[in-house]
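Only one chain is shown below, in structure tokens, and it's the form predicted on its own.
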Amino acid sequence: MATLQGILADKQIKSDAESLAVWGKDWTNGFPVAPSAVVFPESNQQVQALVEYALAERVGLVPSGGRTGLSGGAVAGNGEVVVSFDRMNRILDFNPQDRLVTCQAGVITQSLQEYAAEQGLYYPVDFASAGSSQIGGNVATNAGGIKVIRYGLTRDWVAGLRVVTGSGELLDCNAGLVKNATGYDMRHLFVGSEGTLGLICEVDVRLAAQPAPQMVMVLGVPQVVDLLNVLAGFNQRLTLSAFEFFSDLALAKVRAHRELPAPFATPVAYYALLEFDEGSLDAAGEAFEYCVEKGWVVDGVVSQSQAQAAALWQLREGISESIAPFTPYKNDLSVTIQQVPEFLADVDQFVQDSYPDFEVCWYGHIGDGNLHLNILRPQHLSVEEFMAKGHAMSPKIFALVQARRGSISAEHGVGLLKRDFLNYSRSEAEIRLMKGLKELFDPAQILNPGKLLKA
């Protein structure tokens, strides 16, 4: 500990049991938590010094942002030092001509969104945990969220990075340039690398023009395949900002939890939530009438105010919170949009055949093929028994993903939770090359050890 105190002030080091428990994990449950210390660097140079310390002491470093991850990517279970970016939370620069903001990795996502709005601009990457997640973590996991159908992923808004590698080098990647044809763009190696190649310290983020006021429409859809027909029908007539779906079971859970009214008098098997520019209301009305005529939609409601739009969004955004008491076994999966109906039906059939007393709660970003599968724990099973059954189910579910060349982790990352299943989405050749990159950027294997790739 004396070596750490030579790098950082006392206020930047915590080793009490409560702090270790809080900063040593993320939102994932089921993994042991046992860091040796938590440190709070305030500059790129201090991060470099921490890497030098880790190399000398042969200790792992686990980067920690808002700790909202769901794959165990920020869990420290083997005496590692947790590197929290909570104190590296400043906006460093704003370039209005390039619509470019430079911020430290610990800036809260929502804070960046609010800063962009103050400049008359827009940061479009958005998700339920935006109020606590941090930009560095967003980049490390290539965070997606509810606006991907229109604005893309975090990767699409990262114009540059300052990153400290596992050998202590500070790399300045791309420097905010739009065009840079000078070979390998290493910026994109760090996006989605889950802190295994380098510690992200600063991010150049490109901002967008402010969108028009948005309207929200919720539709009742009888069959999964109808969801794709509805998506196509609307896409032909207007530009959507979001296209989400949830099952009637998911709606029942969120309504009970938040005491919300039903959107329609009669329940429907599935619901679609659409967001679009206010100026596209007439086109949305035409699309709605077309879908009703085709039998793809049986009912619908459209927001009449911003307050009502927010209330309709609760039906989708409140689901994860509402099912938490059921200790769900979660899977974050993706296939191509065309394959969604068949894939969803195959998973439902597998769970029904294997565990008929398990409830399956579906929701997600169907507009980009991302499905959130939540299997709810029956009351008669302990958490340990249920999780064991979930782990036994995963390989069979992942095999259904693999057969469609999909992803076993669409947006939550691999971390510890899915590390041993990476081969269901990546070939032997890809994994070998990924390990080679890890060896190149982190030769001593000190950066987020044990995550993403097996040793």
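Note that residue numbering follows the sequence shown and begins at 1. Bear in mind that the values here come from a model prediction, so they are computed numbers and not experimental data.
Note that the form predicted in complex with a small molecule isn't included here; everything after this is about it.
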With a 4.5 Å heavy atom cut-off, would you call Y363 a contact of the small molecule in the predicted complex?
yes
Contact between R187 and the small molecule in the predicted complex at 4.5 Å, heavy atoms?
no
Does H412 reach the small molecule in the predicted complex, with heavy atoms at most 4.5 Å apart?
yes
Report whether the minimum heavy atom distance between R206 and the small molecule in the predicted complex is within 4.5 Å.
no
Complete contact of L70, R316 and K330 with the small molecule in the predicted complex (any heavy atom, 4.5 Å)
yes
Considering the small molecule in the predicted complex, find the one stretch among 35-43, 419-427, 385-393, 404-412 with heavy atoms no farther than 4.5 Å from it.
404-412
Heavy atom within 4.5 Å of the small molecule in the predicted complex - the one residue of S320, N89, S280, Q214 that qualifies
S320
Go through K253, K147, H372, R162 and name the one with a heavy atom inside 4.5 Å of the small molecule in the predicted complex.
H372
